[in-house]
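Structure 1 and structure 2 below are the same protein chain in two forms, each given by itself as structure tokens.
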Structure 1
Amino acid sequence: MQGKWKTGVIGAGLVLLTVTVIVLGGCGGSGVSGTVTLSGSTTVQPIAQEAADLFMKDNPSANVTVQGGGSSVGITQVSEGTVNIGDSSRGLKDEEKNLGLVDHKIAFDVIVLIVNPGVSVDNLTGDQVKGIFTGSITNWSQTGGTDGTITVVTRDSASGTREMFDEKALGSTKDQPVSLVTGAIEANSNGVMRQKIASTRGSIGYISYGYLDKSVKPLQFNGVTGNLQTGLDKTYPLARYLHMFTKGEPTGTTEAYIDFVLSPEFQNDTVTKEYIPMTKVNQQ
């Protein structure tokens, strides 16, 4: 009898404690509330989602939803007012410039050609790169290196980075898309790409600047080294900003969210893992 009574008291205590924790937790953050919706570039999507998760942790009554769809979809939807923010991995086209969109640059991305450390070549011209990725050049000796078969590694066909590389390095356009060499190995992230290049003899691929390390060898493109400076002054063509567009200046929760994305904490802790953070771009 007494045992039962004790269990009852302990049980009630636990329930009370749980309720208190929930109530206090709910009242905890005195941050903003409201809903923010984003859609657009699948390149921006992971950063936007990570920012959304952290933002909602700080502001429990705010609700941020991030969707993909591609840069054009994001720009269209934000100008129509379907979403609060349109994510884009490209700038505005001429016909999009009078839609009243405000540009928030959230990161800078430089794509660097990389090869297996065993490859003796240091520089490739635009034509050589095109030849290698489309299959007309198949041996390193054709580019001035020592004899060895070239293994091409590319990103998966849904990747935004691949789209940018195909356009800016290979000259692919919507009307005349470039077909890559058959048998190109596919990597579905920067990390996997670096790993494949490091472990495959005679391989060539490309990654975001933030992922460069000693396991792979970076190449010059048309004699120019890809880095922050050359990317910013446009002597190196394989570079771009990642954008968030709003219709007019953002207000309320949308403004708070964009401020969070651009905050030094988020830029220096999260953005820097994959891209060049705006904090570094602004120092230049």
Structure 2
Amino acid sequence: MQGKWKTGVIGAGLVLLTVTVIVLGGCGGSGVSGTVTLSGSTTVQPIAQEAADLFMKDNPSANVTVQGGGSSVGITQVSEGTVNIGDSSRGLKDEEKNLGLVDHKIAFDVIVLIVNPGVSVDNLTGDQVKGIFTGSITNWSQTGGTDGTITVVTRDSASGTREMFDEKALGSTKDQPVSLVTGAIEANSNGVMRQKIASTRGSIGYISYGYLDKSVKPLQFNGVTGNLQTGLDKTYPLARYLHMFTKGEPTGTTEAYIDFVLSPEFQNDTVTKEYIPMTKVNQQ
């Protein structure tokens, strides 16, 4: 009888120990290990990098590498298996929808027209914006401003931000693409765009809301100020989701990293500083 009692106690103790190990192993993700590689959108890159730094701090055995290159680069590389995650500031094109990619929306972004602080105008209509970027308007006096040549700065051809801007602000379509003004300066990131506008007299461009600072001047578009609220309520049209694409459903460390990016803690503490977090979007 005593022997049976001891056996029962030992068995119960082993069960308790097993349960304890399982519970502890699931806390804080401290057991996550492995490598995750990302490339793509320079708009998504700062979020992805900050998430990587925090994720690796919580999971010392994990290694997350983040690179830019533009949305198209990210989508191409993740579809080819070169990286685990393709960052993009645009949705998939029709010809990309059969690549087996799974969309993980991580934030909502607003694109703001910006000019050099010396430009006197505060608002542009849709027709004026299209005229400026396609070359029919070349002087600020044609928009109600003071006399001065307009210098157009646009994003590079791989940029998802440029694709969205060309479509929503300029009316560009696949069948009828808009031709930009000859001599437009190309910037390969939000940071470079901001620097170009800040240092170039009479210049105009566009930038993600999170990159605005006092070195550039934001403009209204059709009388509406671009900000997080107007983007969310759709009164401001130049807004879009930010994405992380995976080839099929993510697994292992890749899944754990994306779960971390979408966690309420990261969304509310980090993403909300520059963009509309998915925690707010999902409430609408």
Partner chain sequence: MDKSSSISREWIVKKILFVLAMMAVLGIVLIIVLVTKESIPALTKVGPFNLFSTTWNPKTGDYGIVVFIVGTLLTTLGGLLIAVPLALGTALFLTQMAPQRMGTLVTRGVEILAGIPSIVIGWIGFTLLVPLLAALTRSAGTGILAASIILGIMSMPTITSIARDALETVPSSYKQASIGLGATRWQTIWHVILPAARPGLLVAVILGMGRAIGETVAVALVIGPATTFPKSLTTPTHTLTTKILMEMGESSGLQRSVLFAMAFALLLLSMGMILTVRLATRKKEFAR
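When a residue number appears, read it as a position in the sequence of structure 1, where counting begins at 1. The model shown is predicted, which means the values in this text are computed figures rather than measured ones.
Handout entry: Pair member that is the form predicted together with its partner chain
Key = Number 1 is right.
Handout entry: Pivot point of the rigid parts between structure 1 and structure 2 (hinge, one of 108, 142, 262, 192)
Key = Among the listed options, 108 lies at the hinge between structure 1 and structure 2.
Exercise for the section: Give me the angle, in whole degrees, that the smaller rigid part turns through against the larger one between structure 1 and structure 2. Expected result: 35 degrees is the angle the smaller part turns through.
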